[in-house]
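Next comes just one chain, in structure tokens: the form predicted alone.
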Amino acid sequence: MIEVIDLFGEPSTGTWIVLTGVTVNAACALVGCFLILRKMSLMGDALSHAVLPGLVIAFVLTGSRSMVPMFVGAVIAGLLTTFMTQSLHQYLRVPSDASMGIVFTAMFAVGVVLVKQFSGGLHFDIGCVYEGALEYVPFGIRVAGMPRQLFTSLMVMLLNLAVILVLWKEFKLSSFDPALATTMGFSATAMHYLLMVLVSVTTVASFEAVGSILVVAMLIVPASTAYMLTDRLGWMVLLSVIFGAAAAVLGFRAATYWDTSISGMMTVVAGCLYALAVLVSPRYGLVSSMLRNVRMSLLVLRDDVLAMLYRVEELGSEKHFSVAETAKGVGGGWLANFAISQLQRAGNIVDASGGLRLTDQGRETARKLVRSHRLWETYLVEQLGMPLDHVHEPAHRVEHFIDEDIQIQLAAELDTADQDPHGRQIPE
């Protein structure tokens, strides 16, 4: 049914389909980044439904389904939706998600009523609305030598890119700090409505080709994927466009292989790319988070082992714990055993006859830990008035992060830095 893509030769059926998917996804990704940053991810979904009455009224007034009246009707309906959503949230204190849900469902319902009332002869292809008709793009009307859907999405993509480049500073500032943007003379409200206009135009331009599923997905998913990988806005916008294009190419190839919905498969691929980013993102991914947690757990366990052996020495006990007893004393498990082996390799403890012992290096590290713990316990009692039986756990949590500078500040705040509230000596 669909030819193999050939981007460098005479445009084939597959080439037109992929190019249309790439331009639609890129146009959506460009504005989607700013929806994500403004915590308005669902606004794309809301607008995709709320523009319906605008489309119907435009059709009733002009009797035409050409793109110009459709764009005008969609933009007016989109702006009206944004205005009512903002007004409900700002003046009536309706939560933003609730105001969005109220307005877009009401607008969509009005659109359905208008369709029944004034457009009885108009045929709505429900499958086309949800899944689009990418398969038929190469066979439609040609504009400037290319399919009309590709021409339209290309123009919208260039429009979005041009507006974002020209107003980059204004969009950036109003997305992160609207109050500061307004103070500096950039109207955050005007930028908000301009963004909603771009989202409305992008949504309407993309509907016919890819359907509502891909439009809503591409407004959110590529931008969210890029957001997982970078904290820089410029890189986020670039990566979101790349992910949108990759979803179009890979989704087309997968749909061709399995002979299924192209726009649906593009959405699935975009979701898979997001899932991959969730796993491997260097800062926010599951794998990196798990590794950070393991490293932190090992740090705490190593400190606990050193502090426990130091306190045993303080008591002057002849008893020395074995590896198994020491691991059990700090909670047990493979992590505790691994932490002990790390301390041995680092030369902080040795497994001499009779059990584990601190080396001079390990004893110095343990002394600093115990000093931090007891200084913090003393501070909690003296300065905050906490009871004695409530200070151990808070001190145990923060002792790993108190450096020498903080120790000096704590000692300066205390009446005495020689003895903790339990009567034990605070090491020098």
Partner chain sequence: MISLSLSDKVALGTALLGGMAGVVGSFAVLRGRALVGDMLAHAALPGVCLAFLITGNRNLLGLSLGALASGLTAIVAVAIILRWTRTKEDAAIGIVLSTFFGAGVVLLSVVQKPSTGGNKAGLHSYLFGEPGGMLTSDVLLLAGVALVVLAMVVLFYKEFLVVCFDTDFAQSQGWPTIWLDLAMMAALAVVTIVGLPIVGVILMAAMIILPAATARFWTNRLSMMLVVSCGFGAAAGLLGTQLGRGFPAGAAIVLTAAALFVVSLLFAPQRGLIARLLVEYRLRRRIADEHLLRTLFELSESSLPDVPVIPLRDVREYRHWNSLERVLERARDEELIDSGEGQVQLTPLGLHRAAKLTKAHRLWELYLMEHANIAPDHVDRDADDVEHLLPESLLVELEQELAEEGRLPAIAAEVPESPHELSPEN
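Each form is matched to the other, and the largest set of C-alpha atoms that superpose within 1.5 Å is called the rigid core. If you're wondering where the values come from, they're calculated on a predicted model, not measured in any experiment. Residue numbers count along the first chain shown, from 1.
Another form, the form predicted in complex with the partner chain, is not on view; read the next lines as being about it.
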4.5 Å heavy atom contact, R142 to the partner chain in the predicted bound form: no
G101: touches the partner chain in the predicted bound form, heavy atom cutoff 4.5 angstroms: yes
Contact flag, D97 vs the partner chain in the predicted bound form, heavy atom cut 4.5 Å: yes
S341 within 4.5 Å of the partner chain in the predicted bound form, heavy atoms: no
One stretch from 257 to 265, 163 to 171, 306 to 314, 331 to 339 that, in the predicted bound form, holds residues within 4.5 Å of the partner chain by heavy atom: 257 to 265
Single option in M184, L159, A109, L194 placed near the partner chain in the predicted bound form, where near means a heavy atom within 4.5 Å: A109
Residue among L238, I213, L79, M146 with a heavy atom within 4.5 Å of the partner chain in the predicted bound form: I213
Contact test, all of A346, H392 and T416, partner the partner chain in the predicted bound form, heavy atom 4.5 Å: no
Residues from 230 to 246 in contact with the partner chain (non-hydrogen atom within 4.5 Å) in the predicted bound form: T230, D231
Per-residue C-alpha change between this form and the one not shown, R232, threshold 2 Å, rigid core fit: no
After fitting the core, K169 CA displacement of 2 Å or more between this form and the one not shown: no
